[in-house]
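Starting off, we have a lone chain in the form predicted on its own, written out as structure tokens.
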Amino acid sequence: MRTAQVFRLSMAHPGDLSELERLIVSETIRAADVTAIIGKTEGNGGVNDFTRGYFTQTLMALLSRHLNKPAEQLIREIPCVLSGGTEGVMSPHYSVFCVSDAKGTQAQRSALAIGTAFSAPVAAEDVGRRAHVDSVAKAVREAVANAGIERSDDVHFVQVKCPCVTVARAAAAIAAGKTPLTADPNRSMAFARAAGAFGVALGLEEIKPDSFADASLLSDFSVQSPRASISSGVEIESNEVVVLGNSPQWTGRLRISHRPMIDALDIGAVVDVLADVGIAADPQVAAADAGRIATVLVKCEPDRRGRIRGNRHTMLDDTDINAQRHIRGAVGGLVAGVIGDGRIFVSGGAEHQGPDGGGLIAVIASQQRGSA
């Protein structure tokens, strides 16, 4: 039996790991139990958002000291998935996922299960193509197996961080006689997210291997995974996967649930996913129940049709503010207003990840004693 713990910690700046350091020193967290990190940094969320790499470097140095292992080894063992951009009321923070052995017999009900995996490095010429999709799918299957989740339906959230192609990587590939899908780093991030979403869908058997082609990515938006959350960045070369679900092979009071968000105004999905974990929002979560929420994970995307519930939006036409920054701020405000807490993970770029113009929301919360 294993048990999972989740600690949602604030940061004063992208290199501030003082709260995690304090918990490790006080022995509240064992450094050896740290399995994955998912967090929000205050960068721009784009190709040149170096806050993600800064945080990762600081984290691995901290864990290296406590585990007496090289940071270069840890970075290939512990997924650190960061999304830049804390627009609006979002607060920079990171959630630490810990796994430890638990004594006792099999649980009578399912509890939060966590699995992780890394793929082999993805070549620049493969980013956004079928080879990239297959690479993600293989890692997703490995992470599901690592979590001990036997039923695909028990998987609620799959976080993937994919590499993208920078100008330098594209030039190196071309010099070697290879042809990247695109040499535009921003376009490459979008294709990488699409490949990640297709990979999750394939790994969870939501789609069949022969049901799509390379040309389907960023084209056929009928293909989607309602449980995928994909980010892309220059700070990694492999796909990093974190699978979150529920399993009777795990014990503890934490459980996860998810709901699709049909659009950026879908407050009903926020209320419903909270109800799934036994928390009422009327209209905002009460302070006593807010303390039961371990973390909130959201994926969102500006509607490509340029309208929300029949009314025009201008997110895609704004040359001053990137559309992803618009949508993160808007959806972040919506969810934070219900939760009563700005420490929520809201990531843009939801290509093939839930309904067009929508996305998904997942909540991990502690169950009250005696709840089913």
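Everything numeric in this text was worked out from a predicted model, so none of it was measured. A residue's number is simply how far along the shown sequence it sits, counting from 1.
What comes next is about the form predicted in complex with another copy of the chain, which is not displayed.
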| query | finding |
| --- | --- |
| Candidate stretches 129-137, 147-155, 263-271, 94-102 - the one whose heavy atoms come within 4.5 Å of another copy of the chain in the predicted complex | 263-271 |
| Gly278: touches another copy of the chain in the predicted complex, heavy atom cutoff 4.5 angstroms | no |
| Touches another copy of the chain in the predicted complex: Glu87 (any heavy atom, 4.5 Å) | yes |
| Touches another copy of the chain in the predicted complex: Val167 (any heavy atom, 4.5 Å) | yes |
| 4.5 Å heavy atom contact, Pro185 to another copy of the chain in the predicted complex | yes |
| Of Ser110, Ser211, Gln284, Ser216, the one that lies within 4.5 Å of another copy of the chain in the predicted complex (heavy atoms) | Gln284 |
| Ala36, Leu63, Ala330, Ile29 - the one with a heavy atom within 4.5 Å of another copy of the chain in the predicted complex | Ala330 |
| Output flag, Ala12, Ile308 and Asp317 jointly within 4.5 Å of another copy of the chain in the predicted complex, heavy atom basis | yes |
| Contacts with another copy of the chain in the predicted complex - residues in 328-363 whose heavy atoms fall within 4.5 Å | Gly329, Ala330, Gly333, Leu334, Ala336, Gly337, Val338, Gly340, Asp341, Gly342, Arg343 |
